[in-house]
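Next up: just one chain, as structure tokens, the form predicted on its own.
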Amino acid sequence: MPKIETHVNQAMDLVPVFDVHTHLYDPSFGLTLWGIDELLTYHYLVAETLRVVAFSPEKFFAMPKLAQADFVWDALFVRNTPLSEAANGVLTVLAAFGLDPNARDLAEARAYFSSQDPREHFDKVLNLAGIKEFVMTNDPFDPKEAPLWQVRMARDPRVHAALRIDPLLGGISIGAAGAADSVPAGTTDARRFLDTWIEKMNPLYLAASLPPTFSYPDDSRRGQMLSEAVLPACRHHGIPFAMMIGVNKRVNPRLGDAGDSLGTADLGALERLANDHPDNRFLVTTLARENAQALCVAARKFANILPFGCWWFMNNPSLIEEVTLLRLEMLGTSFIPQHSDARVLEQVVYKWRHSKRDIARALTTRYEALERAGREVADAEVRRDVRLLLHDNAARFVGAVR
């Protein structure tokens, strides 16, 4: 292995990760999904399973979870080769815990996970993933989560809050059906709602997913809420607004969470937003590959835009390497290359192990270009750059530097 590639991979293994966007929770919440059955019934794998097996979604979702997991395992890992990234990720997780990726059934994996102490397992998973700190996604409209913020709990200092506000902008709550609080009708009530929840949660940022039709300026409810409530609240409290742009919800409602799709957005709206609100900071990720270059261009023009991660359908090795290389070519190290978006605890193990490999390849390519130009690349520079990409850029932008 060439010297520079070796040093990049060593730095990737040693630098702690700040995972800026997950759907995991503080252990005290008791809401984090974990274990082999949750891994196998994640919507990525459900959608894949219902492609390869002639079985109706209604029948599948009517089955108990353990039966669903057995069905997915048989379909994707026994009767088919698990070539997809989501399926390969499950195998990476099994191997990380010393379990057999070639098993014909789930007996060994179930016995292992059921024997784990939840808190000790939480710590072990973070260590295996190399995560120092991570950010939750906290939904004040989720009737399971919202009451937990009314009581004081001993919180893990490695875990930070992020306030998710999709219903305010006309989107769908990420939590269970129903709402612990009704959605404010007007911008004045919405601002009061945001101030209240920011005080309760102390979030590092506000966040929402947005459709590819997102526009600005916009006289719709979304545009009014954004301009008159969300962005003023972010400025007042000194926190960024995270925009996840490009999701088309429920194009196949029968698949539930697995039924969402994507679309290409007009990122001129983002540029106008950043220009009109220079005192706001925007964390931005896009769902369509076609938007990757436009996001880089917008970030080159506006320092208050920070691209982050390869979100959802972009979370595939070929695209992670491609997009990271593009960002390095256009932005240097001034971006966040990845976040896990994990909804099941153990997913952080494979997502970060796989992503580090892909990021390392892109970074090595750029270092080799420097060497061809006659610039020597010192080991200290490599470690500094990797730390910026995996930890410091995210921690600094959201104000979590320690």
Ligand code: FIX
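Bear in mind that the values here come from a model prediction, so they are computed numbers and not experimental data. For every residue, the number given is its place in the sequence shown, counted from 1.
There is also a form predicted together with this ligand; it is not shown, and the following applies to it.
Although the partner is absent here, residue 200 sits far enough away that none of its heavy atoms falls within 4.5 Å of this ligand in the predicted bound form. Although the partner is absent here, residue 341 is a contact residue: one of its heavy atoms lies within 4.5 angstroms of this ligand in the predicted bound form. Heavy atoms of residue 312 reach within 4.5 Å of this ligand in the predicted bound form, making it an interface residue. Put simply, residue 42 is close to this ligand in the predicted bound form: some heavy atom of it is within 4.5 Å. Of the residues 280, 187, 227, 209, just one reaches this ligand in the predicted bound form with a heavy atom at 4.5 Å or closer; this is 209.
Residue in contact with this ligand in the predicted bound form (any heavy atom within 4.5 Å), chosen from 155, 249, 144, 192: 249. Comment: 241 to 249 is the region of 110 to 118, 78 to 86, 228 to 236, 241 to 249 lying near this ligand in the predicted bound form, near meaning a non-hydrogen atom within 4.5 Å. Taking a 4.5 Å heavy atom cutoff to this ligand in the predicted bound form, the contacting residues in 4 to 35 are 21, 23.
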